[in-house]
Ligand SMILES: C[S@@+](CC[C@H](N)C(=O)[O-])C[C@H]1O[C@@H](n2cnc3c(N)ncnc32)[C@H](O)[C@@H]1O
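Below, in structure tokens: the form predicted alone, a single chain.
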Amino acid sequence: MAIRPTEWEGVFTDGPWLLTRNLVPGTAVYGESLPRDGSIEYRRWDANRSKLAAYLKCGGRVWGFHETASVLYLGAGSGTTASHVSDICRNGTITAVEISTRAFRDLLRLAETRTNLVPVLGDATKPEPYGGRTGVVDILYQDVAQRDQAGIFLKNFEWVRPEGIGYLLVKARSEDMAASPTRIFEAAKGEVLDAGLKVLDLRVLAPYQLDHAALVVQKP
């Protein structure tokens, strides 16, 4: 089946697979295949390994992401999703914050060839050290596994420009092992609404990511 563009800028499909155009041709990040269409190389984007891909497969859309977007990415891990964001925002800047020194080493290696990726060893609960260097961004993308995810998100949202977009990936089991995931998702939605943000979407990520939801908001 031919590779074709989707309604989401910078995202393509090949049958059931999502793809992004490889910013570093010939190089895979996490063992993904690299299909080609003529002279252009793509990377398969696995929804079972990336919550942003899961969000798209579940009917979401790429709010705010575009070729020159600036992104503050919290909880970047080893860079699986961040690398696809790097493909999409190929002429932008992705500031990738990670607290784990082990995962951060992987981010550093990734940034050696992906020059739009800026790794930062930092704590998302304490944004001042990196926020001052980042400046205003178009998008905040948060995927952290701890309590008070909405509170951390709101603390970092001050770095988003007016009318900018935020993605809060809510991990129910990191908030409360016993509570209903639906209740946790709605509580996070209530917190961002109380903070004056506009909710664009709240979408559960099953079956790709269990007990997870994506909450997408916009700054006034």
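So that there is no doubt, residue numbering starts at 1 and follows the sequence shown. Remember, it's a predicted structure, so these values are computed and weren't measured experimentally.
Keep in mind that the form predicted in complex with the named molecule is missing from the display, and what follows is about it.
### Query
If you check Asp106, Asp138, Asp87, Asp143 against the named molecule in the model of the complex, which one has a heavy atom within 4.5 Å?
Residue within 4.5 Å of the partner: Asp143.
### Message
So in the model of the complex, is the named molecule close enough to Thr113 to count as touching (4.5 Å, heavy atoms)?
### Response
Result no; Thr113 lies far from the named molecule in the model of the complex.
### Query
With a 4.5 Å heavy atom cut-off, would you call Lys189 a contact of the named molecule in the model of the complex?
Contact with the named molecule, no.
### Task
Would you check, heavy atoms only and a 4.5 Å threshold, whether Val71 touches the named molecule in the model of the complex?
Looking in the model of the complex, residue contacts with the named molecule do not include Val71, since no heavy atom lies within 4.5 Å.
### Task
Give a yes/no on whether Asp123 approaches the named molecule to within 4.5 Å in the model of the complex, heavy atoms considered.
Yes, contact at 4.5 Å.
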